[in-house]
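One chain follows as structure tokens, the form predicted alone.
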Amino acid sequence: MTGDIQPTDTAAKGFDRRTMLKAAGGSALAVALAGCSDLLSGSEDDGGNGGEEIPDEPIKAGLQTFTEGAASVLGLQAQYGAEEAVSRINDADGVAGREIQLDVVHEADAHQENYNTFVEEGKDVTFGPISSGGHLSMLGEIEDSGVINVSTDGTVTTLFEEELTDPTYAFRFQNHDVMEAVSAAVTAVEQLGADNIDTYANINPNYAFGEDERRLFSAAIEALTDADEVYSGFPDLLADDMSTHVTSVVQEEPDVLFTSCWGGDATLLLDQGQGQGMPDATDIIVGPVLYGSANDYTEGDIQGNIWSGSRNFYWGFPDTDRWSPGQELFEAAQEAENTIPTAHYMSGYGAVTAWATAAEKASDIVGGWPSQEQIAATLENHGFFTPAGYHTMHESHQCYSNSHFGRMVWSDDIGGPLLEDVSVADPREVSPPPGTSSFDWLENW
């Protein structure tokens, strides 16, 4: 436990971690986070129903993300999104009346150390990281320390399917890899037709995330078509040259190229690919996180039939007359940071929102300030919404949201790429049912 927050006698209050009542309903906080103007009134009860008295001091929160270097293309987006969520929470009178103070640190390669420092500083909740390998390395520390961490990213599919199958305090907001890899395979088939895909190639970063994405995409495309893999390359993360991999793809002329390169690696791959004719050598390029580098592309980088995922959020879909907070979030990002908000912006925004709405719900239920265990219990099977739409944090601690995919085109109006012909997949279409591993699910298609 941290700060003045102490565990309550949950047994005496009928509070069980796995079966706690998941109260539904709106609140000023939830509506503010969704970007709506009409706030609903919440409970003003500060106690009396068995919870600890609500502390007077602000909530201490910590976020670790990439704030510098090539990976900051994604990391700063997560920071901006988290800060926007905190601002909206505080403007809406905080969580159960408590404002959030957010400290941000560079995750670098010190994920466990960063988390432990946050705990030692008395943080009530932590968020991040971006890195899949970093997220894996943190799991033991999180479960031992007992301070909730809601990861913004770190999306490797095996995290909760194999590495930690019964988590208590570790959660993840962003969709996991299987959802975007399957969406990429489905997009390729929809655009070319299964009978027109005989070969495919892979270029993926050389660590857990890239290896996970390659396995998942290969399993999915081979389940949907009779295609064979003709090339698989694993450039080092933050590589300074992709030309060898580009040359191999151009020589093989695959029908489909899949790449999970992100950040500076994505911009380098597309830039060098354009120079060597890679878009002309393949019928379609599909990348689950290419749009994450939207703020760094030039118009020349995205010429050709290039399709990108946008994970659980694309600011321009659906149309703003159907779901206006998307445009509102775009304008907030433009005003605050002059940036195009990507799915990683929503990673930060959504991770904070998931915890804050669950903490306020738990506070209403216990009639005071909830313990770490009570907030964790409330997060399980917790439904909430953001400008990205509706989300469900499953009892596995993996959050599920819609998955977006579209064709990248340049827009002079925003000085960056847009996504056109956006398709949106329900989690049931691109993720296995509860209790089934992703690879077993794909093998049985």
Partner chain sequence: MAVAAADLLLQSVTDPSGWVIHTLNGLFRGFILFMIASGLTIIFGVLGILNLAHGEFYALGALLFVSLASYLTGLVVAPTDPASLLLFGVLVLVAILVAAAVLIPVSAVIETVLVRKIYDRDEVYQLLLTFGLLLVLIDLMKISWGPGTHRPDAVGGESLNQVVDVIPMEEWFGFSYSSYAIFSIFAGAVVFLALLWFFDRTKTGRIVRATAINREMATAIGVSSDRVFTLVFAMGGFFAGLAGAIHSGSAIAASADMGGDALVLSFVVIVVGGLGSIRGAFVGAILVGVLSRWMTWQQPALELAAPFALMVVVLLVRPEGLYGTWGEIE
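Numbering follows the first chain given and starts at 1. Predicted model only: the values in this text are computed from it and were never measured.
The protein also exists as the form predicted in complex with its partner chain; that form is not presented, and the subsequent description refers to it.
Report the residue, out of I284, I89, V289, L268, that has at least one non-hydrogen atom within 4.5 angstroms of its partner chain in the model of the complex. Contact check passes for L268.
If the cut-off is 4.5 angstroms on heavy atoms, which of these, G193, G97, P318, G300, is the one near its partner chain in the model of the complex? Checked against the cut-off, the match is G300.
E52, D93 and Q101: each with a heavy atom within 4.5 Å of its partner chain in the model of the complex? Judged in the model of the complex, none of E52, D93 and Q101 sits within 4.5 Å of its partner chain.
Within 4.5 Å of its partner chain in the model of the complex, counting heavy atoms only, one of 254 to 262, 337 to 345, 234 to 242, 368 to 376 shows up; tell me which. Among the listed stretches, the partner-contacting one is 234 to 242.
Going by a heavy atom distance of 4.5 Å, is A220 a contact of its partner chain in the model of the complex? No, no contact at 4.5 Å.
P58: heavy atom within 4.5 Å of its partner chain in the model of the complex? Flag for P58 set to no.
For G69, is any heavy atom within 4.5 Å of its partner chain in the model of the complex, or not? Because a heavy atom of G69 falls inside 4.5 Å of its partner chain in the model of the complex, the answer is yes.
4.5 Å heavy atom contact, Q327 to its partner chain in the model of the complex: It does not: once its partner chain is placed as it appears in the model of the complex, Q327 has no heavy atom within 4.5 Å of it.
What residues, if any, in 276 to 291 have a non-hydrogen atom within 4.5 angstroms of its partner chain in the model of the complex? Residue within 4.5 Å: Q276, and no other.
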